[in-house]
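The chain that follows stands alone, in the form predicted alone, written as structure tokens.
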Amino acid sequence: MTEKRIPHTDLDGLLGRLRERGAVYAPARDDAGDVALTQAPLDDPMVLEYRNFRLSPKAFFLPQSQTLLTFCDGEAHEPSLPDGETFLVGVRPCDAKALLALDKVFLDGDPPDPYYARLRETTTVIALACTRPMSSCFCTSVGGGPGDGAGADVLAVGLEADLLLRAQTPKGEELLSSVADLLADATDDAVKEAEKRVGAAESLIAPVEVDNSAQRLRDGYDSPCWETASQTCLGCGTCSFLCPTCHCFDITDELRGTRGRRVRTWDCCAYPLFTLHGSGHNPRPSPKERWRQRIMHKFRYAVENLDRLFCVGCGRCIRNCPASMDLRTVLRELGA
């Protein structure tokens, strides 16, 4: 594993080199003062100290609305697959790890999803270790951590004056090699400082018990806690749309005269129409069943079917829920 370092003062040069190859997205402050992953401005320095973005990078690989084909007068035309390189700089480790869960859905199928596959192929993910976890974060309980490089091509750890860069994949090795003139070898002191900073961040994260979650949720399927926990749910879908691993979608045909298009759009299991049958029957008629489905999918069904949790502990659903719902409460009550 290649380890390099780059001074903070040379980051503009690194971003400029990446811009020569493709589109670059990096942390930047928006008009409201929040930090978001946006196309890197040419003049603004890269933001290095920030809480995680409100929106996950999921949309770069699974767009919220995506045209699959257009049709006119009985003829259909598929749009060209995405082309050109994209670089996502500053993705937090939990969001990078979420890509491995999405890979299970969109790459491991037969056949794999061609749109997702092309976007994964042409996108390089440079993760930035988290040093200021929020109270809603619990990545360490679900197999991740503030300095986990899984899912990223390069993991960066912010030091006092440098970034320590660690290649995680062959794509990451190629990237570091292509900008070798901007980099210096990582010293032992730099590596120790990185470990110290990551360890300090880990110590701030409260654990959530998820061991043997599949069995415990199976046993608690009929628990009264589902009714209690779901009473405040508004069915707004905020949890699913902000979640980096939620991937449900609907496909609809939009027609005007003889012209139209087939569109894939995000959907959400919190919506009453999500499971409504054509007969009018709905197997999940109330928030109780829909809230239970969300937790079951993350911590039971995904484990049973795909051998992994579909939660990375980013805490977005907790921080942004307008009804202050917290999945950790249910997990604790069920002992999951």
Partner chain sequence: MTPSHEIEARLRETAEELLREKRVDLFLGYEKATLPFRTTPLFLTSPEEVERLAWNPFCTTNLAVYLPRLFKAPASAREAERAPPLPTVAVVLKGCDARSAIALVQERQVPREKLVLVGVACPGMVDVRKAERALGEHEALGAGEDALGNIHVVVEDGREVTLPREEIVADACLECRAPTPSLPDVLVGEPVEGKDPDGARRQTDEFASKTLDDRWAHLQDELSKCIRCNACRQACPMCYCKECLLDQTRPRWVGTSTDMSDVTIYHLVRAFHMAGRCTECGACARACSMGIDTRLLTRKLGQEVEDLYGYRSGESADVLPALSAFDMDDAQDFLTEP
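Positions refer to the first chain, counted from 1. If you're wondering where the values come from, they're calculated on a predicted model, not measured in any experiment.
From this point on, the text means the form predicted in complex with its partner chain, which you will not see here.
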property: Contact segment among 173-181, 156-164, 98-106, 251-259, judged by heavy atoms lying within 4.5 Å of its partner chain in the model of the complex; result: 251-259
property: Non-hydrogen atom contact Pro112 with its partner chain in the model of the complex at 4.5 angstroms; result: no
property: Heavy atom of Thr38 within 4.5 Å of its partner chain in the model of the complex; result: no
property: Close approach of Arg132 to its partner chain in the model of the complex, 4.5 Å, heavy atom; result: yes
property: Distance check, Ile318 to its partner chain in the model of the complex, heavy atom within 4.5 Å; result: yes
property: One residue of Ser223, Thr122, Thr238, Thr169 in contact with its partner chain, assessed in the model of the complex (non-hydrogen atom, 4.5 angstroms); result: Thr238
property: Its partner chain: the contacting residue among Leu81, Ala200, Ala206, Leu234 in the model of the complex [heavy atom, 4.5 Å]; result: Leu234
property: Non-hydrogen atom within 4.5 angstroms of its partner chain in the model of the complex for each of Asp34, Ser230 and Tyr271; result: yes
property: Partner contacts for 44-69, taking its partner chain in the model of the complex and a 4.5 Å heavy atom cut-off; result: Glu49, Tyr50, Arg51, Arg54, Leu55, Gln64, Ser65
